Structure formats: structure tokens, C-alpha cells
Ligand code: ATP
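Take a look at this one chain, the form predicted on its own, written out in C-alpha cells.
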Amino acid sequence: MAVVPKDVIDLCERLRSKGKRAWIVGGCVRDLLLGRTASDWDVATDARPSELTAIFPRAIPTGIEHGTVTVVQHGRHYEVTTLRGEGTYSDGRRPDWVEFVDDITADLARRDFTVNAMAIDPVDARLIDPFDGRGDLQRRLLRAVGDPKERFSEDGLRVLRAARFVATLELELEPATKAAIRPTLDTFRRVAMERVRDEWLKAMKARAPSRAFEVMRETGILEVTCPELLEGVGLGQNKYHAYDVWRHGLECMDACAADPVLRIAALLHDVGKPKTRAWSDKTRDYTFYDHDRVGAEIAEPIAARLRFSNDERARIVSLVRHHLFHYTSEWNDTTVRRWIRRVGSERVDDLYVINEADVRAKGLDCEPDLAALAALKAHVARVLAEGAALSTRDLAVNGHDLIRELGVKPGPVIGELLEALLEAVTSDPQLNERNALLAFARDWLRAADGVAVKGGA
């Protein structure tokens, strides 16, 4: 068994010294039994809230009405909570009332799953396991405490937590617990999308987050949160793919690096395929022309609905939009520079990861595609090392120069001119020199509006 931090043992011993009992509870106990490193350590005690604030006068009253204070030890935060029972959950999230109790078993009975309903007295190392959570861990089983319909009707988020734990703990969902999810989805529908997003991101830390999304598909959770993904279920592709669109998306997500937002983009990368699937009499196969553009249009409202930040949303949509590329020997330096400009230099590394995951997720021989990706990486590295201008900020002139040297009035034309200069430099990097750019700009302005410019002939 992994080691309980000394700070946690000290907390429990301090409570004991005041005549109170204390246990570590919840997920940290589960992780201890699994030999994992626990990220959060929670302590339960029979001390009442007023006693907690007396024993720990510097504690933060983070949830004092529910008996919870946060004790800071050596810069780390530990929640200490009075043993409690709970009333009804009329809002599908929080209990309407709590009552403080003295029995640790009564406190554990209110928890969601048996593997989270265990406690340890860290002083004498005694495990308290009234619902056989340890046995369920050994059986690799996720089972609700008591009646699963009651547990899921109390807190709507629990059904999504069930899906997440199936992935992160690599457990199987107990049949009765699984069967209780669909009938309780009305409670789940009341869960804020921010909480749904957080569960998705936590699931993405699993070795295979696809396990969570299969549970969401099978139980109806995705019908509530992201029905767009379900359009790919059973949708066959073409000779380049062994899997349907749904399975391919899951395989791509699993094959990605464990960056949660990047994995979200991988899950959504082909969301446009159902809308663009068409039969080609010429190839006698299906095509998905423009699915990257259509997919980006579908991914944007999904990311907004799930309350991703503006930066996260932009990253997801951009990766969906630009995930489709295939490098060949026909790409010259200008082609590579244009590709970097189009996708954004800040997205290049992400696109490498998505592309590798995408080709591996086809379920077929991927060596030629991986070789092409390696060649692209080398070509991009060489172009970047040469100092290619990839944005208007990299030009040898700026908007102020154009206004001062050419007498151009400030306005949209400045932006248009800078883009024209960048395009010229992309084709011929040697043009990125002040006098050459000013000369090009004079010619461009004459061609654009036919008027003389400052310094012209």
C-alpha cells in the first residue's frame, strides 16, 4: 500500500488528541488500495464544525454549513469534514440539508460508488469497508452504493462520474448500476455544462478515454451532451479506414498524447464526416470532401456549449479545421511556408500529434503516412530554421512604415497591403528587405487604386 502523507497523519492525530476520531475517506483510500498516488486527501471526523474551527483556528471555512473546513499544512490544502448524512437533492446537485452523525458507516453510505465509500484510520491502519469496495476493486467492478437509481437521482453528475471512472480506474460498470443511468437522465439534464466539461477533461487523463465515451454512448449520456458524435456510429467510411466514423474518432483520441484539450480535438476531428459523406461512382467508394471545414463549423458550437474557454475553443476548432493534410515530395518550400501560415505556427506541433493519431486510428497499414509525416516535420524544421516570415509581424516593414514612407492613410488598406507583402515574401523570402518591400508596396497600391503614392515615379 502506498504511504499516507505525514501531514494527513498529523491532522488525524491532532483530532485524536482533542478526543475526536478521524479517518481518511473517499478517492484517496481507493487510490491507496490500487497503489496509485492520490492527488487529494480528505479527512472525515466526528468533530462538529464549531469544534473544527476551535481545533484548527486558521482553517478556511470552505463549506462550514456542510461541516467542511480546509486546513493548510506546508502549502497543501486538506479538507476536513464532519461526518454527515444528507437529505433530498431537489436540485439534482446538492442536498437540501445535512445532519451531522457520529457513525462513519452512515457517512460512507451517502457516497456514490463502493470503491469511493471506504475509510482508513491512518493511525492504526484499519480499513472500514461496509459496502465491499475493496472486493469490487479486486473484481475490477464499479458499483453504486445501495440503490443506483437513488444515487443517480440525488446528484445528476454521478452518471458521468461513472463513465469517467470506468476509464480512469479501468473498471467495468456493474450491470444494475449501468441499467440505472438511462432512467435517471432527467436529473443529469440539470447538470451545468461546466461540470460536464470538467468530467470530460478528467476522463481524458485515462490511458484509454474511449472507455468513458462508450459508456456515455450506451447509456444515453451523449444524447444529452453531444448528439453530433452519435451520427458517426455505424457510419462506414472507405477503403482507407477499417472502422466506422465513431470508432475511428475514439481510436484517434486514445492514440493522442494525454493532453486533455488536444484529445477533445481528436475526438471531434471527423465530426463533419456524416454531413459530407457521398458516394462516388468513379471510385466506387465513399468520399468526405470538405469534412474538415464542415467539422470545424460543427465543433465550434459544441465547444461553446461545453463552456470551454475562448482559447481552448479556438484551439479545438482550429485543429478540427486543419487536421487534414498529406505531405508529398511535391511540396516545395513555398508550399510548406503557406501551410504553416494557414494552420498557424502555434498549432503545428498539435497537428503533428493529431495527424499521427489519425493515421494510426485507421486500423490499416500506416507506415507510409507516418513516413510522410516525418518528412514534413523535417521540411518544416528546415524552413523555420531559415527564418521564414510567417506573419505580418515578421516583415521588414510595418504599418507605420507604410503610412510614413508611402503617404498611405490609416485604414483597412494597411492590413490588406501587409497581407499582400506577406504573400509575396512567402513565395520569395529574399523580398523581405525594407526597400524591396516598399517598392513592392508602391506597385501594389498603384495597381489597386491607380493613384500616385509618396516616393513614386
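Note that residue numbering follows the sequence shown and begins at 1. Quick caveat, the model's predicted, so the values are computed rather than measured.
There is another form of the same protein, the form predicted in complex with adenosine-5'-triphosphate; it is not shown, and what comes next is about it.
**Q** When the contact criterion is heavy atoms within 4.5 Å, does Ser39 count as touching adenosine-5'-triphosphate in the predicted bound form?
**A** Yes, Ser39 sits close enough to adenosine-5'-triphosphate in the predicted bound form that at least one of its heavy atoms falls within 4.5 Å.
**Q** Given that adenosine-5'-triphosphate is not shown alongside this chain, does Asp358 nevertheless sit within 4.5 Å of it in the predicted bound form, heavy atom to heavy atom?
**A** No, Asp358 sits far enough from adenosine-5'-triphosphate in the predicted bound form that none of its heavy atoms falls within 4.5 Å.
**Q** Considering non-hydrogen atoms and a 4.5 Å limit, does adenosine-5'-triphosphate approach Arg143 in the predicted bound form?
**A** The answer is no: Arg143 has no heavy atom within 4.5 Å of adenosine-5'-triphosphate.
**Q** Using 4.5 Å between non-hydrogen atoms, is Gly27 touching adenosine-5'-triphosphate in the predicted bound form?
**A** Contact with adenosine-5'-triphosphate, yes.
**Q** Please identify, from 158-166, 343-351, 211-219, 380-388, the stretch that has a heavy atom within 4.5 Å of adenosine-5'-triphosphate in the predicted bound form.
**A** In short, 158-166.
**Q** To verify the annotation, which of these, Lys149, Lys178, Lys202, Arg313, has a non-hydrogen atom within 4.5 Å of adenosine-5'-triphosphate in the predicted bound form?
**A** That would be Lys202.
**Q** Identify which of His248, Lys273, His322, Arg111 has a heavy atom within 4.5 Å of adenosine-5'-triphosphate in the predicted bound form; exactly one of them does.
**A** Looking at the other structure, the residue within range turns out to be Arg111.
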